[in-house]
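First, one chain by itself: the form predicted on its own, in structure tokens.
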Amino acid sequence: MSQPHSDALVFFGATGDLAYKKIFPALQAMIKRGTLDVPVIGVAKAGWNLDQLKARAKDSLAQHGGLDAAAWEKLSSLLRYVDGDYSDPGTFVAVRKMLGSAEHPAHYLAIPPLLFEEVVEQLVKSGSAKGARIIVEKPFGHDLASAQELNRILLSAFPESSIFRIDHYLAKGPVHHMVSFRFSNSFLEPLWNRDYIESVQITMAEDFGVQGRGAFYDQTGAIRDVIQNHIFQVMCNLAMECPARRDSESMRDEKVKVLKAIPPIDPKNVIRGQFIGYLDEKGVAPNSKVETFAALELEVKSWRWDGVPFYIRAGKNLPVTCTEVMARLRKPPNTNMTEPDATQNYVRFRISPEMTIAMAVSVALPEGTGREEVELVACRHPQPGEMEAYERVLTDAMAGDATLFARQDYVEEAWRIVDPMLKAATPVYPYAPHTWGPDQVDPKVRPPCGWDDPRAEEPADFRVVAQTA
């Protein structure tokens, strides 16, 4: 059932860092695209007035994406501001008054989760929750119990259909285009199962450290920061069945089925690492055991994927910044037509920093001197004017399209899978910056043909090429 379009956006945390770096640029982009034409009410406790908020927003646009004079004039006319404490009922009375005749506002909580309960309660008491939807940022808890408590708070005031849990990573074009690619190309589907795929590996690498966010990262770690959410979303897009319909609930049903088919991860199938120098970062505890790297193996016990191991690797201070999927196909049978040293075919998806789809094939060298592996590559770099992740999620949330948002059961299933390894006291091994993690990875968590280490660069534009692997 379609939902009404939001007729106002109430933006809690309007003076914060997320607003400055991501939200104001997204709002300007929405105006340029014609998808935002309702009041935007900023709420914060900063001692500011509306002019100061506008100055902050204008500076944000100048620093992040570029100021468009016409779009800024329109955004400036839509901006409102309420300054006040979230524990003060008067703040929410002022919000309700500023909403005026709006009947379906969207309340965006770009604030720490520990403030959610207080804000939700005040929205209900002030009458601002009626007919509204709520948009919340990750993290959705730090384990299964806290996620369930967070869902209890949200569901006490809003139906599940009106709760939009943002993880902007799912809105990145290559991530959700992966589903379309799978089901729109008939050559891939017959191969995309346990009969032909030997193993799947997903790497999410960053070539930088914690970048001054030591205090935050030391409460989080790699598993909570990117594996339980970002990488699981990629994995669901790879492993899901074709939805029965195109609506958001059918799509989200199939993703939840993937998670339900994954047993809790055995701690013995996990290696955690910490880059040398992490303990010197500001805000990090001197004896911290928080991982900046993790490699793990899991299985999807579904009809399509039973017996196919999935390997996940993510971390800071690795050799490149890149997110890539490698699905290795099984070797052909050993017959008199098969080269004894034949390489394995594979399908490779690069998600960032550019979008690449590649297939590795074995071809004969000249004059029968053997064979070599080459890639058929289609590569596309982002183009000017394409929708960025935050613009997409805010546009969809205002329109009531929940396809790219995590549902309650998805969030809780994801935590169920990782909870045992988070609670286990597994060792944290040191690794040198700009290496592929600790030495202990390969002996314990290693795909059958070894880890594929992504290259730093891909072809320059969208085209099909033959490239020596």
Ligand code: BG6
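Residue indices: 1-based, along the sequence shown. It should be emphasised that the depicted structure is a prediction, and the values quoted were computed from it without experimental measurement.
The next section is about a form of this same protein that is not shown, the form predicted in complex with the named molecule.
- Note on the interface: of 267 to 275, 110 to 118, 148 to 156, 219 to 227, the segment with non-hydrogen atoms within 4.5 angstroms of the named molecule in the predicted complex is 219 to 227.
- Proximity of R313 to the named molecule in the predicted complex: non-hydrogen atoms within 4.5 Å are absent; the residue sits far from the partner.
- Taking the partner from the other structure, the named molecule in the predicted complex has a heavy atom within 4.5 Å of a heavy atom of M204.
- At the 4.5 Å threshold, heavy atoms of Y169 reach the named molecule in the predicted complex.
- Within this chain, F208 lines the site of the named molecule in the predicted complex, having a heavy atom no more than 4.5 Å away.
- Shown without its partner, this chain lists H177, H142, R80, K138 as candidates; in the predicted complex, only K138 has a non-hydrogen atom within 4.5 angstroms of the named molecule.
- Here is the short version: of R213, K97, K289, K260, the single residue with a heavy atom within 4.5 Å of the named molecule in the predicted complex is R213.
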